[in-house]
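Only one chain is included here, represented as structure tokens and corresponding to the form predicted on its own.
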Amino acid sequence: MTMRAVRLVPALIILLVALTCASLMIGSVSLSWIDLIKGFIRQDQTAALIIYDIRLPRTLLALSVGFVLGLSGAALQGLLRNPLADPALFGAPQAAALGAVLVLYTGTVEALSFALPVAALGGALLSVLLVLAVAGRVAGVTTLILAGLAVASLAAALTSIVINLSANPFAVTEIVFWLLGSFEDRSFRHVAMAAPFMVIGSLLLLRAGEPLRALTLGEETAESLGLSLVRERILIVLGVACALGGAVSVSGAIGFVGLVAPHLVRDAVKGDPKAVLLPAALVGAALTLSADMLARLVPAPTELKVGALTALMGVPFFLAIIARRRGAIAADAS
């Protein structure tokens, strides 16, 4: 690992600390550094209320959701050995969104406050089980991708049908706003519900560093080194589903972070799929928190949605990647 790569993680942590402080200070009511300190130690009750009840849960969720999105993207790109791989590839985010939309459509969320995250997590895990069942126990990468795309398309289609069938315009508005992705009006209850699943998913993905590095030598060589490809694929896909299920359950759909974040650090680690995992996760956290702050700062009748802003950033980046790699893509297609 290069010295540049060694310095990357501490630099990103410092950046995240600075962004976290900025996130706690900005909003409809601005806080100074003095207000921030007094609020943290509860000397100023108004500042403490703003920090602990409104901004800190939102900031923690933006950081954690961005972390798992960047980590999931890096893990999938390493598993598939394709820099265009995205966390949505196996259908977990779409299925999680479908579960949450069903809860919003039926009104269950009004009776059970925990129904939304539970339904989203259930949808994500169900999508993975369906993918693995369709692909088979000894599935290769191509089979997993095709099964994942089919499940993702099915979940997206069912979500559209639910929206069309909803007779309540308020429910439709709530569903559409939720699908756009946001951290608005989140509390520590949301953090507590999603955190265990995001932690489990992150641990499953971080432990995959050595297998991903072995895969760069080729599947046959990796298996000769004692690596069980089937086992590793299943663990990585389960890790992505668990992490994204927890994330989507509290944030809604936030795209392109998992695609963009690994590319921003890959050159610094010389393309090492193990070394890219943690930096990509930290960059994902920084991107998501920055988008959330921008959503609060842009003057608008209603707060902008984070998912719309990340898509606005991600689409040009995605097109730039395709343009830069069009020769390799054409070669692969032929």
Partner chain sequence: MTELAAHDLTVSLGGRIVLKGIDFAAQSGELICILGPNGAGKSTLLRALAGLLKTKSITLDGQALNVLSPVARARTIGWLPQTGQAVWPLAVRSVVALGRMPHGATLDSLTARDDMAIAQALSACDLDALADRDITTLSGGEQARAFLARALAVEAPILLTDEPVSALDPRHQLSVMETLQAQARANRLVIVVLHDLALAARFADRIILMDKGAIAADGAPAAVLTPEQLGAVFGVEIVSFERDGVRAILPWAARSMEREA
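Owing to the predicted nature of the structure, the values given are computational and were not obtained by experimental measurement. Numbering follows the first chain given and starts at 1.
The same protein also exists as the form predicted in complex with its partner chain; that form is not shown, yet it is the one meant from here on.
Contacting member of Ala192, Ala157, Ala133, Leu225, with respect to its partner chain in the model of the complex [4.5 Å, heavy atom]: Exactly one residue meets the criterion: Leu225.
Position in contact with its partner chain when the complex is considered in the model of the complex, options Thr221, Ser153, Asn164, Thr142, heavy atoms within 4.5 Å: None of the other options qualify; the answer is Thr221.
Interface membership of Pro57, its partner chain in the model of the complex, 4.5 Å heavy atom rule: Pro57 lies outside the contact set for its partner chain.
4.5 Å heavy atom contact, Arg186 to its partner chain in the model of the complex: Contact with its partner chain, no.
Pro83, heavy atom within 4.5 angstroms of its partner chain in the model of the complex: Because a heavy atom of Pro83 falls inside 4.5 Å of its partner chain in the model of the complex, the answer is yes.
Contact flag, Ala214 vs its partner chain in the model of the complex, heavy atom cut 4.5 Å: Output for Ala214 is yes: heavy atoms within 4.5 Å of its partner chain.
Contact stretch among 264-272, 60-68, 291-299, 47-55 - heavy atom within 4.5 Å of its partner chain in the model of the complex: The contacting stretch here is 264-272.
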